[in-house]
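A single chain comes next, written as structure tokens; it is the form predicted alone.
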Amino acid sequence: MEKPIKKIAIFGGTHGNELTGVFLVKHWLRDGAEIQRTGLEVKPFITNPRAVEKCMRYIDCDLNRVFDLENLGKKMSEDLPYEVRRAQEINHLFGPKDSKGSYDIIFDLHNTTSNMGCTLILEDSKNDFLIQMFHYIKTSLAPLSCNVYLIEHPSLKYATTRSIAKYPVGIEVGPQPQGVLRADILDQMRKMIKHALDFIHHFNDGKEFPPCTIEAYKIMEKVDFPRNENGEVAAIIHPNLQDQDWKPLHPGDPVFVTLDGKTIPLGGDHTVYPVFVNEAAYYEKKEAFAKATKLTLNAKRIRSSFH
């Protein structure tokens, strides 16, 4: 038996140039009827208002990477980067992280320039509640596909904005250029939130969810662009890989191409699944794409202790 869910936040604008979440959250702040469910407190929130105002990813540093206990524990001062100060404010409002008082669920809304479609980001492969929720969302969206990206990795996992909640949920929808809105992408993200809130409502009502399985893609490693001696990008994503997120990539398949036409193939000896292919925001992070492996996640039956 699990405790009913009480407090939910929906974050938009963690990256100020990913406009679907910004638009939806601002709409829900004006008129939140569609996100309200009986017995639930659902709070829409703009996480990085200064970056939203400037339509930039961030002001000083990436807000979605600074929610570790070291940054959250720093003494508040004007010298701190804007996003670290903002992280402390968000932690105060929705946390504190790892405490009983923190929000139950945070949905953090993102866009990607990569062709990833609807994506749910999971941070913990053992979390029955979230696997059940993701299963419900995936089933409800069908035949529209929705992939689950598992970022559980000792060195590649990062301290996300949503990680202050007991159940952190990343929602990533693309392709959409930075600073641009697309009606189809907005509609997909809106549906993902609707199904998620419906699931929570059913759960709180005492509905039992039987054991289930979902397919997930777990991050293995990040791949940088080939670079020249000055550290500049020396080859670009090969046309065969462009827009092929989630599709199997086999050893020997072309991955990069240089301007003089030389193809650079995938090395190694096993098939991988590329994710975040040619994401605009990851050029600064030296990531051309990430390699993922496909696995099946199982969840036990769940039911709220309300009844």
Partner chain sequence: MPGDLGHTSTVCLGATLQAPVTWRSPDAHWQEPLRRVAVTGGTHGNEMSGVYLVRQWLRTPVDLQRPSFSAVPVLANPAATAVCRRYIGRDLNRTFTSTFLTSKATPDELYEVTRARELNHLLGPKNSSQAFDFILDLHNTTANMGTCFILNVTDTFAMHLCHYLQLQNSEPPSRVLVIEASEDTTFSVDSVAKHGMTVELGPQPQGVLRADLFSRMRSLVASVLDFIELFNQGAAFPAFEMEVYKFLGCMDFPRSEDGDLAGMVHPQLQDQDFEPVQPGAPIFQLFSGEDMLYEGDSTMYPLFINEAAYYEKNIAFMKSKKLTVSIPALPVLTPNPTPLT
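Positions refer to the first chain, counted from 1. Just so it is clear, the model here is predicted, and its values are computed rather than measured.
Below: the form predicted together with its partner chain, not depicted.
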**Complete:** Contact with its partner chain in the model of the complex, heavy atom within 4.5 Å, among Ala299, Leu19, Ala288, Ala292 goes to Leu19
**Message:** To verify the annotation, which of these, Leu266, Val257, Cys61, Val42, has a non-hydrogen atom within 4.5 Å of its partner chain in the model of the complex?
**Reply:** Val257
**Asked** If we take heavy atoms and a 4.5 Å cut-off, which stretch out of 26-34, 266-274, 61-69, 42-50 is in contact with its partner chain in the model of the complex?
**Response** 26-34
**Prompt:** Ser145: heavy atom within 4.5 Å of its partner chain in the model of the complex?
**Reply:** no
**Prompt:** Quick one: does Glu232 come within 4.5 Å of its partner chain in the model of the complex, counting heavy atoms only?
**Reply:** yes
**Message:** My question is simply whether Thr113 lines the interface with its partner chain in the model of the complex - judged by any non-hydrogen atom within 4.5 Å.
**Reply:** yes
**Distance check, Leu93 to its partner chain in the model of the complex, heavy atom within 4.5 Å** = no
**Request:** For the stretch 166-191, return the residues whose heavy atoms include at least one within 4.5 Å of its partner chain in the model of the complex, in the order they occur.
**Result:** Pro177, Gln178, Gly179, Val180, Leu181, Arg182, Ala183, Leu186, Arg190
